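Before any questions on how it binds or moves, here is one chain, the form predicted alone, in structure tokens.
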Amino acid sequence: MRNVSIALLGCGNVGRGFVELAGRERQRIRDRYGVDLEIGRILVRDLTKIRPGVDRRLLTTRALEVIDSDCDVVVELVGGVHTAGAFVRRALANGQDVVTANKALLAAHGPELFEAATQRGLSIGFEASVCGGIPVVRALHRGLAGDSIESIRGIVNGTCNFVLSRMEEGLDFEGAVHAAQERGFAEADPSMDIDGHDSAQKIRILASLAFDAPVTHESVIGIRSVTREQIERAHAGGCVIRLVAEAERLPGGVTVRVRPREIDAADIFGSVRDEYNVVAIRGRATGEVVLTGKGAGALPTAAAVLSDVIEIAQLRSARPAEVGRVGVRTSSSAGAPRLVAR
């Protein structure tokens, strides 16, 4: 049995979901994977806030008290770029593996962080950064490793899909965004989601895993301009409007597009509603492989984080014999992270 201590940075919705799952699934993980996961310290902003199911004795507002504790894995769930980046750099410098759901951090500093991890023989897990609980990162890195990927397309933003689904039911754009905020799917400022930038970050991460070529063209259009009238016209023609992100390998490089599209309601992309996501990966040999599931929400995202922690815990056990270790490297031409086996 391998004992693995976890330092948790951030205890918002996803952080609390992670604490809940880690406790609920602890015995199953011990029995099945041979690792015992224990959360040592938790960084929070406000010690007075009530967090049901979270041991208050583990909480602190001092980041270094958490990162510099005697832990094996640092889970970064604070979000943002600058502070989160400083936390991850500190953890790597300490020799700790990292798991993050922070797509913005990876988009801004992924190559640097992955290079630092590689130099120290460490791992960075980021399954939760794309599509919540859908294991699309693992599918690209492992399940489809024997095939050449030609294209990826997906509905990868649960907030936008929820908003468009509510507009189909009669709400106007502002009302639908407010409903998403009430459900915890949208931030107080939903611009990153509804303007398409969140989808663009996610499809760039997937493109970096799938292709050995740089992104040479990118266009991003969100759903802010989608009206009820457009949705009703689409419905009259048996279609729905969805925000679709696409990445395609072309002779000159990789093209990335994010845009609202009319889709046949009977198509799998048209049938995906609310916070659900769908990703279709087309391989030269396998054809189209489709993955779908909850792309937003605390527990689905927390499940992806926990999955990375379990995998890293197993890898830590194998490291002394240099067996099965996974590292990360960067492609200077693509400027984005790419996983490789070591």
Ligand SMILES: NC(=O)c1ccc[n+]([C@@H]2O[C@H](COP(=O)([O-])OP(=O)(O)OC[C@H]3O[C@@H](n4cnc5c(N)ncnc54)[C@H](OP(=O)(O)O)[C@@H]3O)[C@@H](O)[C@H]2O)c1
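Worth saying up front: this structure is predicted, and the values here are computed from it rather than measured. Note that residue numbering follows the sequence shown and begins at 1.
Not pictured, yet referred to below: the form predicted in complex with this ligand.
- Although the partner is absent from this view, residue 102 contacts this ligand in the predicted complex, with a non-hydrogen atom inside 4.5 angstroms.
- In the predicted complex, no heavy atom of residue 219 sits within 4.5 Å of this ligand.
- At least one heavy atom of residue 78 is located within 4.5 Å of this ligand in the predicted complex.
- Contact check for residue 51: a non-hydrogen atom falls within 4.5 Å of this ligand in the predicted complex.
- For the residues 140, 88, 128, 207, the 4.5 Å heavy atom test against this ligand in the predicted complex is passed only by 128.
- Residues with any non-hydrogen atom within 4.5 angstroms of this ligand in the predicted complex fall in just one of 308-316, 290-298, 29-37, 276-284: 290-298.
- In the predicted complex, the residues of 32-51 lying within 4.5 Å of this ligand by at least one heavy atom are, in order, 43, 44, 45, 46, 49, 51.
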